[in-house]
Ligand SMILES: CCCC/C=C/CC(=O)SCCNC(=O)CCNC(=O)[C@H](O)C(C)(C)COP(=O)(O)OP(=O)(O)OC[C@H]1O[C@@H](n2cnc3c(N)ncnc32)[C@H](O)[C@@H]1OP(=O)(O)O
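The chain below stands alone, shown as structure tokens; this is the form predicted alone.
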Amino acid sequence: MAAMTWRPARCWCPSLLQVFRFQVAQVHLGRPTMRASQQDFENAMNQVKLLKKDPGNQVKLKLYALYKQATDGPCNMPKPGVFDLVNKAKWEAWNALGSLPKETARQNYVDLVSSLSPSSEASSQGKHEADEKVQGSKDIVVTSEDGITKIVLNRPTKKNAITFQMYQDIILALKNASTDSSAITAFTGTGDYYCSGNDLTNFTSASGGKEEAASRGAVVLREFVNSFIDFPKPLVAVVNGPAVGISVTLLGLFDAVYASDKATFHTPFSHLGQSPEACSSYTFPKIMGSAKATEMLLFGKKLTAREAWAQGLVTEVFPESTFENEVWTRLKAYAKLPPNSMRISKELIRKNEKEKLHAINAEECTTLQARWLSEECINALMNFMSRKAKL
């Protein structure tokens, strides 16, 4: 089978040239920030004809799939035979988009062409600046190597407590990771802690009235958790030390959780007058049973790594002395697996619960917004900050 040949005069909208060995490109399925018009779409198709450099088979497959989705909707053709490699590649690329709306596919097509076209320098620069915002953040460090995008909480002097800016940086990091060339995305922490949860100065230093601050916080939290619910690739937590609050509750949305034997897991919501978040009111009872979930979420019981493993919250526990080497060696091996196969398998595992998780996230955020305004929560936070100041 001959490899694809570059021909600038051809557009890969209605057809593709021959393909030999491919990986179906992953397409970001999130809500676009703007809608491309039909004219934008047609202009993008014309821009493709002007490209002087062959963008590669993977991009051509993505262009083909987005074009078909934008014009015909979800894949409606029978799957080609196993030996019809060219049409099978095209069919799988199109079929992988599922029920992606035509408008979103059209916008994604325009965005992709814009990133390839030298005439779209301003657009490419905008994306570059967005990437740099995460890469250059001192509190969130993002690297990509050996097929793994690593998102590192890098605030060790504050036990990697999460600020509002870090929430935004993580949302952006996940958005970028969903469409980059990596196969797996992993979270970990710098220093002794994995993450100590929310930086409580988020509550004490918020600008505006308390109602406005609570409303804004609920919106950010909902968007943050949604970015984990919708993330299309395998998502792994590498828990290098103690984890508190939201860094624990989010684990129910990860695909694998590897922990050092020095890690602990603590959700002291009642101590702070608050309530569960990150869909843990649903995922924790499902993972560990109602009684054990109640001990954690209501009574604030702290689990050791071994206890968390026994209750199903952690996938595997490693000795601290070999933790880093063993975990990253394993993840590098996993990252060599066919990436689109892993993405499709994850979608099959998760798709029946996505709508439910979004509804639960919305309800939890609404409840938390009310809790943040309650006298009970305000007093609990003040007492906690006062005790902390005396230490």
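Start at 1 and count along the sequence shown; that's the residue number. In this text the structure is predicted, and so the values were computed from the model without any measurement.
What follows is about the form predicted in complex with the ligand, which we do not show.
- With the partner omitted here, the stretch from 289-297, 310-318, 229-237, 214-222 that lies within 4.5 Å of the ligand by heavy atoms in the predicted bound form is 214-222.
- For the residues L112, V244, C75, A177, the 4.5 Å heavy atom test against the ligand in the predicted bound form is passed only by V244.
- A single residue from the set T283, S196, T188, T185 has any heavy atom within 4.5 angstroms of the ligand in the predicted bound form; that residue is S196.
- The three residues K150, V152 and G252 each lack any heavy atom within 4.5 Å of the ligand in the predicted bound form.
- In the predicted bound form, the ligand sits beyond 4.5 Å of every heavy atom of W91.
- Remark: P268 counts among the residues lining the ligand in the predicted bound form, judged by a heavy atom distance of 4.5 Å or less.
- The ligand in the predicted bound form is not approached by K301, whose heavy atoms all lie more than 4.5 angstroms from it.
- Contact annotation for S260: none of its heavy atoms lies within 4.5 Å of the ligand in the predicted bound form.
- Contact residues in stretch 153-170 (any heavy atom within 4.5 Å of the ligand, taken in the predicted bound form) are T157, K158, K159, A161, F164, Y167.
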